[in-house]
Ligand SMILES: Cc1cc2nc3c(=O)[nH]c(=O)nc-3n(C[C@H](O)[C@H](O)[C@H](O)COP(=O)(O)OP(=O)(O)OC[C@H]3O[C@@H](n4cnc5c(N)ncnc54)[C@H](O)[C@@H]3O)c2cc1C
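In the form predicted on its own, a lone chain appears below as structure tokens.
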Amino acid sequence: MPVNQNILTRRRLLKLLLMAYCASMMPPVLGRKSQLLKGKNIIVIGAGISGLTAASELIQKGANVTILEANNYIGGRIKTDWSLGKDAPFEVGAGWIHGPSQDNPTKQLADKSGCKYFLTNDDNISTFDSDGTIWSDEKFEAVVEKWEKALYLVDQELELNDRRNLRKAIQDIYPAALNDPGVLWALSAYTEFDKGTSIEKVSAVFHDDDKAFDKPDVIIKNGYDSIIKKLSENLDIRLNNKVSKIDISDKDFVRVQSNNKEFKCDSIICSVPLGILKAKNIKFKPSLPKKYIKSIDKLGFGSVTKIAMKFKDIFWDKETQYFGINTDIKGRWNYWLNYRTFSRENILLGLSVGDYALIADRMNDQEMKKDAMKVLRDVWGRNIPDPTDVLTTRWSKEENILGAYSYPSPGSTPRDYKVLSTPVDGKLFFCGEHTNFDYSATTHGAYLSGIRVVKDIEKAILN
């Protein structure tokens, strides 16, 4: 396809606009210390990876830090359950290190935490139609080619101010793609899973303009929470402390209401998930400036639902890492991870994505198991046994989180992420994956925001 070299593509233009922003988020030079924060009292709301990173950095710089966490555990959307077996971590939240190059800060943290890895292979997949018919290699390759072409054409055609959702854009530009059930599966199993929402709700312009580190994803064999344990060492973390109000109206200090107790500090870092901000579960005094409220409203916060089922005997191919199932309902248990490729346990981990994740989140355990088993039995036969153990997730129903991760909705822009990374009156600071467009919806994005917010506090003190 000929390209006019005098015209910047939309993606190149976006990268130019973001260059300065991205540079400001890189981790500090190791060993560089600052005395600006010595003796400062700072409260961090939320003990997820961004809040823990910020707290660790602050303490190294001499600050007195208290972390208030609403849940009865640390880690936020990083949580590992070992009840299915000692070598079978069920990652309730984050499950992969995406792009585990040595430039990826999550990989660096994992290395320091003594993590052991399993290198995934996205090409090691068998895909089926809902009636159990297996796709040939040629069909799979044709589907992926058409899926990639659809995203490429959207990327080339749309201007930055386009407000269409991804499905509408594909329908307008390359309608043949949506007439292929296989392409709809790829758009769901890959794109909807990646963005944590449906193609009907994500921005056609910005859904793929974030960044990624190099190398295939890895699973942490000894648990993603190994990172959390390392980060939380020697931190003052107070669990079951649900913050309801932040008051920055006083000139000399910040007031924080948690449960029935008031805390005072010099600065406050709010690292709660975007879902909590969207639900207005924390009251701000004075109210947040209008631009913050608008950006919170415009950005999306979706869900991804997991079900892990352990079986007495294996009925699937032991060597195949992933199974795709082109279910009749888009997003319904259409992607499965085979634990036998890295564990001794007979476990299949199923994923519901897009709008179906929100439907699955409303099911109880029995309903979810029945729903997922129906999909498996359509492929492997009615006589496959029930699982012996089942674990599930419902992130959109977790009252202190209310979703999995953020996404750019139609009409939102990277500027909305930037707004949420900007301090309020030099006292209130936000961090989390939803404040970092380049690496949103990732643990490394959350980590980088924790580094950035400490720099912002230092700048505020200097000013």
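Just so you know, these numbers come straight off a predicted model, no measurement behind them. Throughout, we count residues from 1 along the sequence that is shown.
Although not depicted, the form predicted in complex with the named molecule is the subject of the following passage.
With the partner omitted here, the residue from 98, 310, 201, 330 that has a non-hydrogen atom within 4.5 angstroms of the named molecule in the model of the complex is 98. Interface residue among 288, 110, 150, 78, judged by heavy atoms within 4.5 Å of the named molecule in the model of the complex: 78.
Contact annotation for the candidate site: 68, 432 and 443 all lie close to the named molecule in the model of the complex (heavy atom within 4.5 Å).
Residues of just one listed stretch (137 to 145, 319 to 327, 379 to 387, 86 to 94) have heavy atoms within 4.5 Å of the named molecule in the model of the complex: 86 to 94.
Within this chain, residue 404 lines the site of the named molecule in the model of the complex, having a heavy atom no more than 4.5 Å away. At the 4.5 Å threshold, heavy atoms of residue 272 reach the named molecule in the model of the complex. Proximity of residue 45 to the named molecule in the model of the complex falls within the 4.5 Å heavy atom cutoff. Although the partner is absent here, residue 299 is not a contact residue: none of its heavy atoms lies within 4.5 angstroms of the named molecule in the model of the complex. Although the named molecule is not shown here, in the model of the complex the stretch 212 to 248 places heavy atoms of 224, 241, 242, 243 within 4.5 Å of it, in sequence order.
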